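Take a look at this single chain in structure tokens; it is the form predicted on its own.
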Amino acid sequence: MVKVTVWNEFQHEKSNAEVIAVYPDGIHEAIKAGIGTDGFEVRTATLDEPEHGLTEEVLANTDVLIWWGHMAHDRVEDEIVERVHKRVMNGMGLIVLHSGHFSKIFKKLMGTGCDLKWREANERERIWTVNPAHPIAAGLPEYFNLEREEMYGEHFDIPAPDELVFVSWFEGGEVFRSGCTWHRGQGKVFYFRPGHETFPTYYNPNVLQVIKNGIRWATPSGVVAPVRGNHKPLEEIKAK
């Protein structure tokens, strides 16, 4: 059973009527319900909980952390960012969604500004599967459409992905690297673009399939962690 924690700042859903209408229980609860329990043990955590819901105990019992944030990136305590970063480096998977590209943890792991173009115009997004052999693309069509989404456009200020799985095209003409993976330490990171808070994106079956595939891909491999630092020889070194 893969242990998943869905983290959401859970701020828009408390103050914006348009968002409340789409996600009355919060984006985190929609994702939790959408990915289901087929091989997953899912819990949620939010910004206003003590330690943002990401205590040492919670993270120690998390195989894959899903992160959604937007209006409160600066309210995430640096101590918690360091705690999450350490867990990723030690093997925990991380899936960063939509505006989480500007989160402290994603920028720390990328080492870049992670900025991009954006526009809110209720336009169609077409998500193309450009790496159909990748495990995150399993069961996905050649492309699928989201009829209304926020536009993100290049240039996306990220390091070159280890693997590019999805590319988005928008009705206004822009394109975007919308499904990217990286390895950081023993952990794996997947960024997936869709998910503006005023649209029902996290009820879309294809989007949920991508997230479920991402969880399975990012799950720790279980291999023994590498040994570093000063090391005794494995065999006798003969004097010369």
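Bear in mind that the values here come from a model prediction, so they are computed numbers and not experimental data. Heads up: residue numbers just count along the shown sequence, starting at 1.
Absent from the display: the form predicted together with a further copy of the same chain. The rest refers to it.
Enquirer: Look at the stretches 168 to 176, 33 to 41, 51 to 59, 199 to 207 and give the one with heavy atoms within 4.5 Å of a further copy of the same chain in the model of the complex.
Expert: Single hit among the candidates: 168 to 176.
Enquirer: Although a further copy of the same chain is absent from this view, report whether H70 comes within 4.5 Å of it in the model of the complex, heavy atoms only.
Expert: Answer no; every heavy atom of H70 is more than 4.5 Å from a further copy of the same chain in the model of the complex.
Enquirer: Report whether the minimum heavy atom distance between K212 and a further copy of the same chain in the model of the complex is within 4.5 Å.
Expert: No, K212 stays farther than 4.5 Å from a further copy of the same chain in the model of the complex.
Enquirer: Quick one: is D78 in contact with a further copy of the same chain in the model of the complex, heavy atoms, 4.5 Å cut-off?
Expert: No, D78 is distant from the partner.
Enquirer: With the cut-off set at 4.5 Å between non-hydrogen atoms, does P24 touch a further copy of the same chain in the model of the complex?
Expert: Residue-level check for P24: no, no contact with a further copy of the same chain.
Enquirer: Looking at a further copy of the same chain in the model of the complex, which residues in 60 to 81 have at least one heavy atom within 4.5 Å of it?
Expert: Contacts from 60 to 81: none.
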